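To begin, one chain is listed below as structure tokens, in the form predicted alone.
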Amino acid sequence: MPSTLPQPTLPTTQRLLGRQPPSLAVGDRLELSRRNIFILPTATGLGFALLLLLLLLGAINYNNNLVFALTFLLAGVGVMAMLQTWRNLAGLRLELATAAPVQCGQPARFTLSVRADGMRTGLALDSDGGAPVWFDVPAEAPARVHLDLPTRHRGWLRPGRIRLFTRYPLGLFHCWTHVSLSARTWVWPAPADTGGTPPQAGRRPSEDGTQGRGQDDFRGFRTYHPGDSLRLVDWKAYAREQGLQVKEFGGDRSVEYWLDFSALAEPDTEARLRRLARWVLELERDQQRYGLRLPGTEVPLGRGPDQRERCLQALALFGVRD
């Protein structure tokens, strides 16, 4: 009968490096356990071990009981430090919150909520070799840790794999774990420095009739409401301590704007998207009605925070494959 050859086994280090880290999605909870926590001595820990070896050799050579006692005492301290370093990560519970969209060039902030049964200190979090974020976990409340990731291009941004580690309490051991964050946010193009004047698509009848809010005739003043354009504030009246008054205009028609990608003259796609992003921000600031036309995508006319988000998301994901 043909003999069965034994299957080759991978080295321990290769198996550890090839192990998939646990995944953490938005709203889920991940608890760290011995299956996903690793620990190794640091350079300081290796030096400490070498010192113990030299002390042991000296105690054996000179048959000195005091040196024996000192060696075993320091060895016990090292073992307790290793256990405490491991317990500093064991049992941590992680939760991931959603990240807000940002413009290209600004850091995207992902927030982790870290809980523990008791107080934990000397913890750190980093991603892709960036600067670590150090934090402590109180005994009775979760710690909210903010991880800021750079944004170098528009589109989807995924944090990927992060590292949570500690060297507490003596720095003799490095204990760490990797977590894959299953989250993403979109990054919209950085607005152009100067956007010019967006083209008017025409005028529409005012929703309030012939004396509704429009762009034609000055009607008077009214009390300021949150969200009103600062361009319409009567700053002279405010300086006279008469409160915030906003200029109100009437008319039977208001201006509408269609922001058309194909109508721009810039040869570069990214330059067009940056100009459109500038117009979206300016029109939303002035509370105008506007729509967006991109090849294969159209955002209907509207205004308000939802309209702004729809247009910026369309610009962010234009031509980007998920």
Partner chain sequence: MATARPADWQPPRGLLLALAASLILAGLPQLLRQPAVLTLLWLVLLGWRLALAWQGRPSPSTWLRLLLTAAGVGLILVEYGAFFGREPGSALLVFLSIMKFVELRRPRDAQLLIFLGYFMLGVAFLFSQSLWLGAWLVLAVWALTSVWVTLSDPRRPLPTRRHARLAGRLLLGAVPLLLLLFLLFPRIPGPLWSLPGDAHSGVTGLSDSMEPGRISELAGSEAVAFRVQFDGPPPPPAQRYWRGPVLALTDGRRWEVRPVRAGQRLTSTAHAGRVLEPRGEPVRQTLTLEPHNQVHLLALDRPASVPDGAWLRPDLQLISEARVRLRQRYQVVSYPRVGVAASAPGRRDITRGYPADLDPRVLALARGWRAAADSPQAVIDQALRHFNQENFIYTLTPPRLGANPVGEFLFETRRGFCEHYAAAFTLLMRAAGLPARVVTGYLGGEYNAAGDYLIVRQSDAHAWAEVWLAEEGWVRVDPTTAIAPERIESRIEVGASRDSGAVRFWADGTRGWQRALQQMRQTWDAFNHRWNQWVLDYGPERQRDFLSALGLPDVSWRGLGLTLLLLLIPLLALLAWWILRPRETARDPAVRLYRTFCRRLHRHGIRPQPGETPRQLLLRIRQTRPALAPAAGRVIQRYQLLRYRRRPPRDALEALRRAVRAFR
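A quick note: this is a predicted structure, and the numbers were derived from the prediction, not measured. Numbering follows the first chain given and starts at 1.
If you look for the form predicted in complex with its partner chain, you will not find it shown, but the lines that follow are about it.
Enquirer: Check each of Leu230, Leu83, Ala131, Ala237 and return the one that places a heavy atom within 4.5 angstroms of its partner chain in the predicted bound form.
Expert: Selected residue: Leu83.
Enquirer: Identify, from the list Ser33, Thr269, Asn64, Thr297, the residue with a heavy atom within 4.5 Å of its partner chain in the predicted bound form.
Expert: Checked against the cut-off, the match is Asn64.
Enquirer: Given that the partner is absent here, state which listed stretch (39 to 47, 270 to 278, 286 to 294, 257 to 265) has heavy atoms within 4.5 Å of its partner chain in the predicted bound form.
Expert: Selected stretch: 39 to 47.
Enquirer: Does Asp193 make contact with its partner chain in the predicted bound form, using a 4.5 Å heavy atom cut-off?
Expert: No - in the predicted bound form, heavy atoms of Asp193 and its partner chain never come within 4.5 Å of each other.
Enquirer: Is Trp156 close enough to touch its partner chain in the predicted bound form, meaning at least one heavy atom pair within 4.5 Å?
Expert: No, Trp156 stays farther than 4.5 Å from its partner chain in the predicted bound form.
Enquirer: Would Ala100 show up as a contact with its partner chain in the predicted bound form if we use heavy atoms at 4.5 Å?
Expert: Judged by the heavy-atom cut-off of 4.5 Å, Ala100 is well away from its partner chain in the predicted bound form.
Enquirer: Even though its partner chain is not shown here, does His178 get within 4.5 Å of it in the predicted bound form, heavy atoms only?
Expert: Taking the distances in the predicted bound form, the answer for His178 is no, it never comes within 4.5 Å of its partner chain.
Enquirer: From first to last in sequence, which residues of 68 to 98 have any non-hydrogen atom within 4.5 angstroms of its partner chain in the predicted bound form?
Expert: Phe68, Ala69, Leu70, Phe72, Leu73, Leu74, Ala75, Gly76, Val77, Val79, Met80, Ala81, Leu83, Gln84, Trp86, Arg87, in sequence order.
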